Ligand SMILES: Cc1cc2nc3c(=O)[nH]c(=O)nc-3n(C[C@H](O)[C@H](O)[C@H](O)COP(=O)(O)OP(=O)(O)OC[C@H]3O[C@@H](n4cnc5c(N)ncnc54)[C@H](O)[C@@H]3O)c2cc1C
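Presented below, as structure tokens, is a lone chain in the form predicted on its own.
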Amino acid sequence: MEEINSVVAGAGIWGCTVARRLAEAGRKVLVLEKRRAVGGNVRCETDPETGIEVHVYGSHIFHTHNGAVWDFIRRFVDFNGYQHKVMAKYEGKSYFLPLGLALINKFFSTELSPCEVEDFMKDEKRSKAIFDAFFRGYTSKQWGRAPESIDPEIIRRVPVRRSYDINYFNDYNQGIPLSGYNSLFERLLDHPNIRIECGRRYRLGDFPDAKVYYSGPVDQLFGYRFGALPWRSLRFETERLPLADYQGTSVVNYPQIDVPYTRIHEFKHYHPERKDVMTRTETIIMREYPASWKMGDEPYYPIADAESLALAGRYRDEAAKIPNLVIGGRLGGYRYLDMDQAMAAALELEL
């Protein structure tokens, strides 16, 4: 490979998409990834005993309305057509999320029609009962603070419908790669102009003659000179069970504050086309626990309040002073991005 002229630091969705675009444009690209393998938080591992694809860092479902993103990603993988359904377990009963007719009618023991929902939910006591049951405890656990103190955009991301549609996402393009998520990253980086080094962290000043595209934590890049940005982290407990099916769906939320985890993932449901997996009398579940973050922990969710956003702005301003440095992705941009949004940002980036 000729001398590199582009470095991509961080091999998640954003970084791998940028690397592929650079390579196809004729640039010689070095991809650096601090972990032992590429894929970022979408990385999966196939359990050798059951063949189940385990999402190591929690469930990831690819979903998008963006035609350019959908066309791009399908150059590398085909999707299985999986449609995401989420249940919530509250006081021993199971409800379909998102908030819609199925949940409201069961919770209030009613039989509302679609045109009746809006007026019904205008009652402050009813809306508060729904919020307290399904969102207050979950949000408090997820963010480690009262819901009222959180950026309202986070709450608004919860889908709300006046129908019996229980598909969690509104996006009409969604699914899981038939060949698994790891194959997506392997194929994105399978280009003669790309070289990969795992287990290596990029440090400011490395490769002074190359253009650098960085998607790691932006505060870490600058040695936390203005202080650390606040994040929420996660921890996971994975368990193999001698059961054909533990919960009947991929994700069940536990919104009650007295349950320490926020959700349980059951991964075999992401590949209903895999009869060899679905018919096994074994399954793998993962309990997801929100956690406070400190330096050295994995950052998952940026805490978007006025103070932290101002601090992130200071780091972005610092990055802008450095020629040939581009920052992006969830960690670099300090913003919440779904997978399709991260890919869209990489596709729209001026190289």
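Predicted model, so just to flag it, every value in this text is computed and none were measured. Don't overthink the numbering: it's just position in the shown sequence, from 1.
One more form of this protein exists, namely the form predicted together with this ligand; it is left out here, but the text below deals with it.
This chain is displayed without this ligand, yet in the model of the complex the stretch 55 to 63 from 289 to 297, 303 to 311, 317 to 325, 55 to 63 comes within 4.5 Å of it by heavy atoms. Contact between Tyr202 and this ligand in the model of the complex is found at the 4.5 Å heavy atom cutoff. In the model of the complex, Arg27 stays away from this ligand, with no heavy atom inside 4.5 Å. Looking at Gly100, you'd find every heavy atom of it more than 4.5 angstroms from this ligand in the model of the complex.
Contact check for Ala19: every heavy atom lies farther than 4.5 Å from this ligand in the model of the complex.
The partner is not shown here, but in the model of the complex the stretch 333 to 349 reaches within 4.5 angstroms of this ligand through a heavy atom at Tyr336, Leu337, Asp338, Met339, Asp340, Ala342.
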